[in-house]
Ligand SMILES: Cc1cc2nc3c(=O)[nH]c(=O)nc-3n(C[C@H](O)[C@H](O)[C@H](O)COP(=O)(O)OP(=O)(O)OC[C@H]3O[C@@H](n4cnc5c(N)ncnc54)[C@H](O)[C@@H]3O)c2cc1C
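The form predicted alone is given below as one chain in structure tokens.
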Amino acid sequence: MVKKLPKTDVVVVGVGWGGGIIAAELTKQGLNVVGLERGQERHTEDYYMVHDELRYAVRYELMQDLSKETLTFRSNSKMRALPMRQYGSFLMGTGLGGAGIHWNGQTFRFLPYDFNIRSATIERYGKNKIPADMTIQDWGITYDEIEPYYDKFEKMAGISGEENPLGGKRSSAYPTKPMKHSPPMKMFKKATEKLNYHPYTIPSANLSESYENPDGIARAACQYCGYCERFGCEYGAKADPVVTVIPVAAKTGKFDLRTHSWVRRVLHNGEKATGVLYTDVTTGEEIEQPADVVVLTSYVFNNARLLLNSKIGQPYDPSTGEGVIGKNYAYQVVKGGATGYFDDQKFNNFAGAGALGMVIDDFNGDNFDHSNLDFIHGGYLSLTQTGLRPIQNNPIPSDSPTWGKEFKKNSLNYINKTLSIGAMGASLPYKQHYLDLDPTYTDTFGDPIIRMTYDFKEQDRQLAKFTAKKSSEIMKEMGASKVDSMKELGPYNITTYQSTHNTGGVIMGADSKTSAVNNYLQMWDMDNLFVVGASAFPHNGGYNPTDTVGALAYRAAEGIIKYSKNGEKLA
């Protein structure tokens, strides 16, 4: 029998960046918020012994248990999808703070071009520049409209940085100064300036100096220990939800956080959401939490899955292009980088920080002429010093044997003589790429899991080849003795790590026929249901997504507060 609890003003599903920001902003305004998180509670103290590569980076201590829930994958709709049984291409976090705990902290704004990509592309190049099956669309919000929310997120998190010379206009400077420059970063800066590009320091959620944010949350500066990605921060120097927004919500006395609470359905009466149904995973008890407003703030896949399992919104049909739930799934194109081997120089690559690095945007967005190129958009090129770790790093040139005496010799020779330039290529949506419910496989409770249909397209292959060439040119200018780079981008491979930047499935827009949520992330079909996260991105830009996720969460919070007062559609 389902236990029914007293009604609350707002219930939030998933307490990471999105859920934490929503909870903090709403409780400050006096609303009662219940936060449901299916993982465990976490504190900074949990990471005092975090420098354990085997436990966290290899055995994925902070990630979702794939034996309880995973997804299935196929390259196209003619194939049978199979479950992802072990981690590879991306890492799905779990527990309080979600993926906001194990991120690197690279905090980029998307470009103005991203938000009106379709109209801007047509205006500059004509309609024929967009492939017939590419489903890019404007976001229903402009850069100027989202800018104040970027500013709010960056001040809350204390982002350390300097202005992007090719980015959108800023209303204020970053709240803290840029991170330190290591010798490889100086080499990258010098080489890119010589090539007439525009380098700048990567915006970082790893604090360059001590900082107190507008909510009164004080944090210490980064120690450059090199344990960010896949790890929590034992200093609290890396901004994450547990050390920034969740304490603000808790302090109000209006936030009821319930961990180990696995939400399985959004309950509704057809036109309105009435609450959620969840299972307490410690007891197995099924519980109904009624609410005036329901906010989904879980990871991309689970936001779409909850809507589909709850029969909310029209599922996307790739054969007709109709429907919106599951539409415009996109990933990231990161293989167009280059690795340089230096015979005469050594580097300390084992120190660093998750967002320590230099970057250029000369080949991102529409910052360069695509008239004679077989792709649109682009990506940033960066040299990062995130802190290599001993188990998973053993660089050798591509023509080196991978076993035996010569392999050992090259391993020892190049371990501290190798640098890499990475490319974060945009991923644009196609009608064949989508999320839906798998007809065969279920999770630990017997609920259908999400099915992902995706592969690289010619757009991605041309983009990766282009950025690989540019990355190689920069690496040669830096003085590398030998440079390796990708020659051809093969099919998408889910078994090798690339990026955890999945987007789409519950996209935003200005038209209910082509999008699931409006520009406050309010469902067109159910006005007291909001869906927050990278699931709202109509495409993925040439950047890490967290700054945009945070900005949209602040805008959604503003919308929910308005809605709670007047109960009207916001857009």
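Numbering starts at 1 and runs along the sequence shown. None of these values were measured; they are calculated from a predicted model.
There is another form of this protein, the form predicted in complex with this ligand, and it is not shown here; the text below is about that form.
One residue of Leu166, Leu91, Leu257, Met84 in contact with this ligand, assessed in the model of the complex (non-hydrogen atom, 4.5 angstroms):
Only one option qualifies, and that one is Leu91.
Contacting member of Leu111, Ile136, Met185, Ala99, with respect to this ligand in the model of the complex [4.5 Å, heavy atom]
For this set of options, the contacting one is Ala99.
For the three residues Leu267, Gly326 and Thr514, which mark the spot I'm curious about, does each lie within 4.5 Å of this ligand in the model of the complex through at least one heavy atom?
Looking in the model of the complex, the three residues Leu267, Gly326 and Thr514 all stay beyond 4.5 Å of this ligand (heavy atoms).
Have a look at 541-549, 24-32, 506-514, 521-529 and name the one stretch with heavy atoms inside 4.5 Å of this ligand in the model of the complex.
It is the stretch 541-549.
Close approach of Gly340 to this ligand in the model of the complex, 4.5 Å, heavy atom
Outside the cut-off, so no.
Quick one: is Tyr299 in contact with this ligand in the model of the complex, heavy atoms, 4.5 Å cut-off?
Taking the distances in the model of the complex, the answer for Tyr299 is yes, it comes within 4.5 Å of this ligand.
Consider Val13 of the chain shown here, and say whether it contacts this ligand in the model of the complex, taking contact as heavy atoms within 4.5 Å.
Residue-level check for Val13: yes, a contact with this ligand.
If we define contact as a non-hydrogen atom of the residue within 4.5 angstroms of the partner, is Ser427 a contact of this ligand in the model of the complex?
Result no; Ser427 lies far from this ligand in the model of the complex.
For the heavy atom contacts within 4.5 Å of this ligand in the model of the complex, list the residues of 213-229 involved, in sequence order.
If the 4.5 Å heavy-atom criterion is applied to this ligand in the model of the complex, 213-229 yields only Glu229.
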